[in-house]
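Consider the single chain below, provided in structure tokens and representing the form predicted alone.
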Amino acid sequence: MTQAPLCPISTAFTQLLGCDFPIIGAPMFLVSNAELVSAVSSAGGVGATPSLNWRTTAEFRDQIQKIKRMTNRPFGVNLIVNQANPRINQDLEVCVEERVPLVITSLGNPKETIKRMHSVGCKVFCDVTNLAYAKKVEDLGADGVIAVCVGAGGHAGPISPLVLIPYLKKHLKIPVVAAGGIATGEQVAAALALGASAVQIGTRFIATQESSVDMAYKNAILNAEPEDIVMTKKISGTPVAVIKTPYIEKQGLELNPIEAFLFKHPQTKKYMKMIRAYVGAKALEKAVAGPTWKEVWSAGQGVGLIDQIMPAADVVAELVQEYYATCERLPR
């Protein structure tokens, strides 16, 4: 797609990270590879990947170095910072040594991550779903929060973005990033109007040429409607947004009574999380790699707004063009 250079969108987020557009390509498990991350970053956004997309810390380091060879623009890494992640210390060390510009933390206490990344001049944003936790990470020194709202893929939050974004903005001094169901430039404009400094977009980038997932997964994104997104506890023990498939319907969305009890019991909760996370990850891995009857495809409600597979750079450009067009046509 040939086009004139797009005018940057300046926000607190872009000023902090040194990028052109307030768009994060969400770190998606088994989806965000080096090609996708570097393409989003080179296009002016900030591509990101989970460290656990690779089987070992050594492989993770190799891919971070590959991303740095492919782009000289800022990019990000997602770290799961709770005890269920046995690699947290090793992967954090890689992020420190490689000076990853942005680390996004999830599911735990980010104190050590913030301390270590700040020691090398890098930024840390933390996933949040409510004000109480957002205040905690702000007090710990987080550079920003990612407001994970209703409509997000993966572990979605329970609050509408129409409420959570301005609510966090009202009570926090650090930038707020909006996440959940965003797939168009109109929604980018809406999020910024609500007080967000950036948006995090995941599902839209699954249907890109750089995404290495099986074509069946990409087609599922194109064919799904918002009503097809359901929340299942079968992946990790806590609700995860996935596309409703015959396999998901057969499995059911709730834990069985024994699993539910073990998840609540203090002495078994940690181990159940690790077991369920391992089993869920294996199911996701099979589903994204090739044809399987166990169709487990993570996605958000933005699927209804996605109708074609494009290069990631074109997705970023389209989002920016739609953003400016939306701003122009708003009533004055």
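Keep in mind the model is a prediction, meaning the values are calculated, not measured. Throughout, we count residues from 1 along the sequence that is shown.
The discussion below concerns the form predicted together with a small molecule, not included here.
Residues in which of 129-137, 84-92, 175-183, 113-121 have heavy atoms within 4.5 Å of the small molecule in the predicted bound form? Of the options, only 175-183 has residues within 4.5 Å of the partner.
Listed residue (Ser197, Thr232, Ser211, Asn78) with a non-hydrogen atom within 4.5 angstroms of the small molecule in the predicted bound form: Contact with the small molecule in the predicted bound form is made by Asn78 alone.
Only one of Ile201, Leu164, Val103, Ala191 gets a heavy atom within 4.5 Å of the small molecule in the predicted bound form. Which one? The option sitting close enough to the partner is Ile201.
is_contact(Ile67, the small molecule) in the predicted bound form, heavy atom dist at most 4.5 Å: Heavy-atom contact with the small molecule at 4.5 Å: absent for Ile67.
Answer for Gly44 alone: is it within 4.5 Å of the small molecule in the predicted bound form, judged on heavy atom distances? Looking in the predicted bound form, residue contacts with the small molecule do not include Gly44, since no heavy atom lies within 4.5 Å.
Check whether Phe29 has any heavy atom within 4.5 Å of a heavy atom of the small molecule in the predicted bound form, and answer yes or no. Within the cut-off, so yes.
Applying a 4.5 Å heavy atom distance criterion, does Leu36 contact the small molecule in the predicted bound form? Because no heavy atom of Leu36 falls inside 4.5 Å of the small molecule in the predicted bound form, the answer is no.
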